[in-house]
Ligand SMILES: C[S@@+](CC[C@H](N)C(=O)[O-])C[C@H]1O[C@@H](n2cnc3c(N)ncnc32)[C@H](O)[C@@H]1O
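Take a look at this single chain, the form predicted alone, given in structure tokens.
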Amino acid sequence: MSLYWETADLLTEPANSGGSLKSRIFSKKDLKSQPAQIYALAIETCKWSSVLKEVVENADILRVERKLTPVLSILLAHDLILAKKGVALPATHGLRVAIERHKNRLQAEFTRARIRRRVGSAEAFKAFVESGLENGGGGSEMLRPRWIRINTLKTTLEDQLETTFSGYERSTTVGGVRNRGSKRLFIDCHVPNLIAISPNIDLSKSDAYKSGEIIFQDKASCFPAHLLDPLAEDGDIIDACAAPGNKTTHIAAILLSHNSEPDECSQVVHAFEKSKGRAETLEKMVNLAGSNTWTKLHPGQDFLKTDPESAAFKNVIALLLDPSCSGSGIIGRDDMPELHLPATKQPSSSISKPQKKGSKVPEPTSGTRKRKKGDHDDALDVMVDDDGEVTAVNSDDELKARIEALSKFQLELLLHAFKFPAARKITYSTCSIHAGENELVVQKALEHPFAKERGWRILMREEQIRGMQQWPVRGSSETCDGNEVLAEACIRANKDDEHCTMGFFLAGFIRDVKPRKDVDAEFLRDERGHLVRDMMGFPVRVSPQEENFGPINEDVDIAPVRSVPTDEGEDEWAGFGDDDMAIVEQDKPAPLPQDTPKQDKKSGRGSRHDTSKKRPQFGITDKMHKKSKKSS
């Protein structure tokens, strides 16, 4: 098999090859072994290399086994001693035979190395090395903490503090959890339900992690969903580039936290992922986190090809955009691991001979080589974006061209999001440190005619949710052409600073709804500006035809209609009163002789009959009136 040879070649490449170990491996197109398998072997061997160097040197196998080089010896020794399945070669393969011939000696030296470090067991030794104590220079070196989001779809922060993190010492600052060998916890002050723990602690095998109650997610990666803050009245949400699913499930968790009755929540999170392979990862994450009830997956579908006017998206009010980028902010992409290689012991005859005075000390052989993180030239680099696409960058011009290509796609995605008719807020984020993918994309989007036509603008700092308002690292004023308001609205995170996050960028957009039409303009007014009312006292609306007729005729005097008070206990209109009838009588012609009412002999006034007899009988035929007509 070629696994060990290819890994050895990649670890011993010339320093001017440039790039991180990961970028070197995944940029190779002619590898026979799986890149992921090579990368895992290389990283684990480098992690243990100081111990393995000691073991191989004390076992003195390089002097005996001529087929083994220093780097091959520690790769094979790693798998022989530490890998569950042992050396990944056929039993009769020359390299496997060579290393297994010294199995007992190597294991004995490994045990001595553990005892010299005063570590009690093999498991404790592994934890010792995993925590970085082996290469820590006394244990004082500061590392990045591990960020963990508490998945409130399945648990609560309080429950996790009492169970998974019950034995942890509480720290008041994130710096307090960075020391090697500590067991501390810090509750974040910017993002709810987010904690940081000491870097030497591995929870990947814990029940909480396996059940989806806790999710490993960098703090900066939690910013987009927190800034979007989907509310119950925000309708449906779209995650345009959803895989692997951390942000998708975070949206669902926030959405449900705003609903008093989560089981009755009808809002949907549309999760798009055009890569079918990454869509499978997304589906697993959504199911594990328990957000599948509120998440509609669109596997293999490109968000750019969606129809914003489709009925399926008519209720979409919020969108989260985290498009493919250069990935330049991701931690570890530029690091080369430290590699300790064993030296070949010189024969005793050569050692006994004294060195002549003034002679030069021979240069160390490749076996004594110690490779450090910064031991490479920056003239050549390899960019691995967050989709895993590898691009070799040999000059500043090539880097610029790559950033421009990415920024065009990012801008296209953002402008497409602007087209959703009901959309009111959008977050745009990248894990890039380059302004060409960040502030410049935001500026171009805001200056686009379509954005202005639809009323889109930047979400200013004072309008952001409190945690994001208080985040101190903001956008570049220089990149924003001196626009301090825009720079303050943009959110940045720098990798390897005191905040212990990855490199990240975030900006929010909100849509100013067009002002509502003046309500008063919908009603008729007279020349004095008073509302014209109908017989019932309601304002008269302007009909489309009347809008074109111009002002009301000044010769027409429309008297206001007086409101008629009614008793609270009456269920129906009681008819006109005496005063109202008097007004009507003035406009009526003189009554005919036969209609003149008879005088009441006692009072001298017209006889007062029941009010119901005076009401207009709408829809009822007057029988007496019919009889009089027939007689005539």
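Just so it is clear, the structure is predicted and the values come from calculations on it, not from any experiment. Just count from 1 along the sequence shown to find any residue number.
There is also a form predicted in complex with the named molecule; it is not shown, and the following applies to it.
Student: Counting only non-hydrogen atoms and a 4.5 angstroms cut-off, does Cys241 reach the named molecule in the predicted complex?
Tutor: Yes, Cys241 sits close enough to the named molecule in the predicted complex that at least one of its heavy atoms falls within 4.5 Å.
Student: Within a 4.5 Å heavy atom cut-off, is Glu273 in contact with the named molecule in the predicted complex?
Tutor: The answer is yes: Glu273 has a heavy atom within 4.5 Å of the named molecule.
Student: Phe509 versus the named molecule, in the predicted complex: is there a non-hydrogen atom within 4.5 Å?
Tutor: Outside the cut-off, so no.
Student: Using the partner position in the predicted complex, report whether Phe303 sits within 4.5 Å of the named molecule, counting heavy atoms only.
Tutor: Yes - in the predicted complex, heavy atoms of Phe303 and the named molecule come within 4.5 Å of each other.
Student: Out of 320 to 328, 199 to 207, 468 to 476, 119 to 127, where are the residues with a heavy atom within 4.5 Å of the named molecule in the predicted complex?
Tutor: Careful reading of the contacts points to 320 to 328.
Student: Which of these residues, Ser182, Ser407, Asn246, Gln160, gets a heavy atom within 4.5 Å of the named molecule in the predicted complex?
Tutor: None of the others qualify; the residue that does is Asn246.
Student: Considering Arg492, Arg278, His226, Arg424, which brings a non-hydrogen atom within 4.5 Å of the named molecule in the predicted complex?
Tutor: By the 4.5 Å heavy-atom cutoff, the listed residue in contact is Arg278.
Student: Out of 97 to 125, which residues reach within 4.5 Å of the named molecule in the predicted complex, heavy atoms considered?
Tutor: Sequence-ordered list is empty.
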